[in-house]
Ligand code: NAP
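Next up: a single chain in structure tokens, the form predicted alone.
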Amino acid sequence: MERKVHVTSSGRTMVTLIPGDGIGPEVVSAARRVVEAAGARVEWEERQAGASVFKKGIASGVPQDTLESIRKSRVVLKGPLETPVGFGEKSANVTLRKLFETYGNIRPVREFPGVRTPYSGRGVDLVMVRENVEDLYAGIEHMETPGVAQCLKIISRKGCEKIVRLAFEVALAEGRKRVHCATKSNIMKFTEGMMKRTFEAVAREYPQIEAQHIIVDNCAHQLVKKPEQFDVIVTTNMNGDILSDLTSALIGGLGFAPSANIGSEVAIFEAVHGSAPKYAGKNVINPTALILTAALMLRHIGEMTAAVAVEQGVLAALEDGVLTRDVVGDAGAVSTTAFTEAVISRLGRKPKQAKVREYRPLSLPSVSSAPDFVKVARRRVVGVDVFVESTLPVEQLGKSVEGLVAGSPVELKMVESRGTKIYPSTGTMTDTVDHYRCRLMQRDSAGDLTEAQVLEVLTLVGAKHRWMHVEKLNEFDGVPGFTRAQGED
């Protein structure tokens, strides 16, 4: 898929520039100066988002003129945004990513010269590719009872397809040989399992790339034990959020962590670190992360020569011992502006030892936009899970539900609490709460439970028990679309 940018009448690529909050304006200014010194043909359109916008009463933290600029430019370079306590609602960072469907977060992680860590000399050089818009971060939460909360983990086959293909394309663009897929599919068979199954299917289209699945907790273990074994890691949103911060710690911290949020229509480039308001205006912050983020942006818009020059300038400055306070403390540290000047003076100068990869343009995946991304030939509803709130002993609850649905199209198969079957009793010692799932299966194993019958079941159960939600139990092409509880036959 061809990337979308807006070229102005002067032949320059338009970029929406958001300075951000706290230290944001300082690191954005540094990145802008370096990009301009590298000779990139960029035209900036500065816009606002974050704390200053929240204070104006705009709940999203993103004003309309900023949205209009992004819709036009399709490319954003931004500083960190603060979500103040006491006003505003969701994070303006997350709002921007979701509004423009930047489904893939790319975070390169590499050892830097002069930045001493316990992993120095190990050759750490990998890329985290994180799904960026769904999973638990869809933010769909409910209080089911006064003491039980629920968060829905939404994983789509389309979302998995896009992020997995992006990961393989990153490997090709950067000359990498291996892609790991990190999931918790041994526990979450449908959600995390969908990522694993998609990875295994898509991998067959990239025979030149070695593809390996890894359980995410083992991935975290291996990243600490032997990070140099990894090349590209693709994973779901929550896993990626955790692992990507872990990987940043391997190479010196968030001050060295650039990132790109890639979508089919818009790309948003930002450093990973926060706004660090206590350091704002002190000219002490490390701008490396945002300068390298700008290099990612330059590659995205086709300014490959300028991107190489920027990366080389950063590596050369670090090799020469030009280091900020997050690396060496106050003694011997250079200021934000001094570091920026050091990079500019070394633009295009090859580092003596540090390796600069040869990149080719990233090919964005082309994935169908059809809502029904997965189609099936046959489907039927074979039962319902009705979630109820109750303080009754479980034996009493189970017998009550059995009596209520007697003579209906369904019968009670089991009652579970927090994923474990407790009725009919299996002899377990489960500590229950007031939140139960009653699995009601169709008596006629060949039939299809209708909408009217589902409503009838809810009416029957609801006559004596407070229910909070219901899940249809679907079969798709004869395969159950639901998992069993622990202890359920």
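Throughout, we count residues from 1 along the sequence that is shown. Only a predicted model underlies this, so the values are computations on that prediction, with no experimental measurement involved.
The discussion below concerns the form predicted in complex with this ligand, not included here.
Contact with this ligand in the model of the complex, defined as a heavy atom within 4.5 Å, holds for exactly one of 272, 318, 296, 211, namely 272.
Of the residues 182, 163, 285, 262, just one reaches this ligand in the model of the complex with a heavy atom at 4.5 Å or closer; this is 285.
By the 4.5 Å heavy atom rule, the three marked residues 82, 255 and 276 all count as contacting this ligand in the model of the complex. The candidate stretches are 276-284, 359-367, 135-143, 155-163, and the one lying within 4.5 Å of this ligand in the model of the complex by heavy atoms is 276-284. This ligand in the model of the complex comes within 4.5 Å of a heavy atom belonging to residue 93. For the chain shown alone, residue 300 is not a contact residue for this ligand in the model of the complex, no non-hydrogen atom being within 4.5 angstroms. Though the partner is left out of this view, residue 125 does not reach within 4.5 Å of this ligand in the model of the complex, counting heavy atoms only. The closest heavy atom approach of residue 130 to this ligand in the model of the complex falls outside 4.5 Å.
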